[in-house]
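Presented below, as structure tokens, is a lone chain in the form predicted on its own.
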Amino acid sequence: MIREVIIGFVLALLVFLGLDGVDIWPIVLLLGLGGAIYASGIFNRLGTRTVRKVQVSQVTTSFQDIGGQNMAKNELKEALEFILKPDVISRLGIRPLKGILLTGVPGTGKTLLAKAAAHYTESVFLSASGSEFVEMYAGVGAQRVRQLFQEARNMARKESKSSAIIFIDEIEVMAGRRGSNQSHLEYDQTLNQLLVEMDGMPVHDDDVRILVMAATNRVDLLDQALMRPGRFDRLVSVDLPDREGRLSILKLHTRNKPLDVDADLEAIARETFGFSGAHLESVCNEAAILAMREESETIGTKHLRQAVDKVMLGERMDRTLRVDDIKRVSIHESGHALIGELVAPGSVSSVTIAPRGMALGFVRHAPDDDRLLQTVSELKADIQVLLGGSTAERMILGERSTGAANDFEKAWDIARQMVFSGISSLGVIKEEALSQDLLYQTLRDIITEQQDIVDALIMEHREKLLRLADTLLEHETLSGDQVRSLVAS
């Protein structure tokens, strides 16, 4: 407000002096020069904006607080030895690591691992996002990189620490292949400055040892100069947790929650194949919310299973379906569940016709073990399960519906995977040498073969399918044990 009043007063004064015959141009030039200096000060403050930082006294995350990443934690601890044992490293003539790159899909705990590394080594911890470095002003990114390294040293000295960890999240934003942003060289300048800073880091003589840690889920986008030894020396893969890892994550996120004595975390861990740590944390949180809504004192297996469904598919829809649509959905999902139990007994965890998100119903499968490799028979069984819903519709109701579109797409993808894995009738092939006509015909043959098997199974077990669909219409949701009892009877 005061600034606007001053500007208005100055303009009025200039107008008055001009009308009075005074030469105001020298004054205008002086005011313009002062405004330019003031504006450059603003831009300078924009360029020198400090990055977000967290001191070690505020970093309370330890490796014990991270579940499901034992391999990544062990590899990271080994790489951090140069900070903990500098004398031994120097005596053996080992060149300390300058950078560690954490790679993996989102939600697997890369940022938590970086914080735990700072806690483990009692280092000063500074964090920044790759997007914080690059703006429209030339030179800002490079200047911020220089400031980041200098601030790490200053903070360590201020805190009387001998080491500092700089963590850059989403580093692919500022460290993509040079030349890929031809209209904006600021990206390349920022990356060049990061390379210079990492090259210029003293390894033995400096009073502050700096380790650069970065995280990305697109390692393929990074410039190769950043990946060479002497910069990012270690590549630590932070993968999705296995069943034991998921169980440990669930235990971590439920330790401050009132679990029911019968809550089966092992069953939830088995049913959440493909979930990241972030997904599992959300499951535990949603389960607590569901228990609160029901005014329950404890969180049970029922709440956890409902939370898994919500995290996978979204909130339950309020929309009421037509009676004919509900019947069709029940037959469709019963077809999936029936074929699932016939080709892989014990694999169905639950089946429901309660609409969630974009799904009007779904069957949740829970394999006994995480499958990292699949055989031909297992892939064919997956295709058969996907075809079970549409086949049940066709054989019971006389025609298919658009509800099977996603099933067909997944079945086609599995068949394609079989072809390019060399386990189809074509044998080992090279994708570039395969014509589109031959590929299409081979995929169609695979799908047709599995469709014939599903037709025979549905026809043979038609009565079980109808009984399963009627029970599903009555109860809306059935557990895996209920499905198995109906299929076995």
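Remember, predicted model here, so these are calculated numbers, not experimental data. One-based numbering along the sequence shown.
This protein has a second form, the form predicted in complex with adenosine-5'-triphosphate, left out of what is shown; the following refers to that one.
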query	finding
Candidate stretches 221-229, 156-164, 76-84, 271-279, one within 4.5 Å of adenosine-5'-triphosphate in the predicted complex by heavy atom	271-279
Sole residue of 344, 311, 395, 252 within 4.5 Å of adenosine-5'-triphosphate in the predicted complex, by heavy atom	252
Contacting member of 71, 323, 105, 196, with respect to adenosine-5'-triphosphate in the predicted complex [4.5 Å, heavy atom]	105
Partner contact for residue 66 in the predicted complex: adenosine-5'-triphosphate, 4.5 angstroms, heavy atom	yes
Any non-hydrogen atom of residue 112 within 4.5 angstroms of adenosine-5'-triphosphate in the predicted complex	yes
Close approach of residue 169 to adenosine-5'-triphosphate in the predicted complex, 4.5 Å, heavy atom	yes
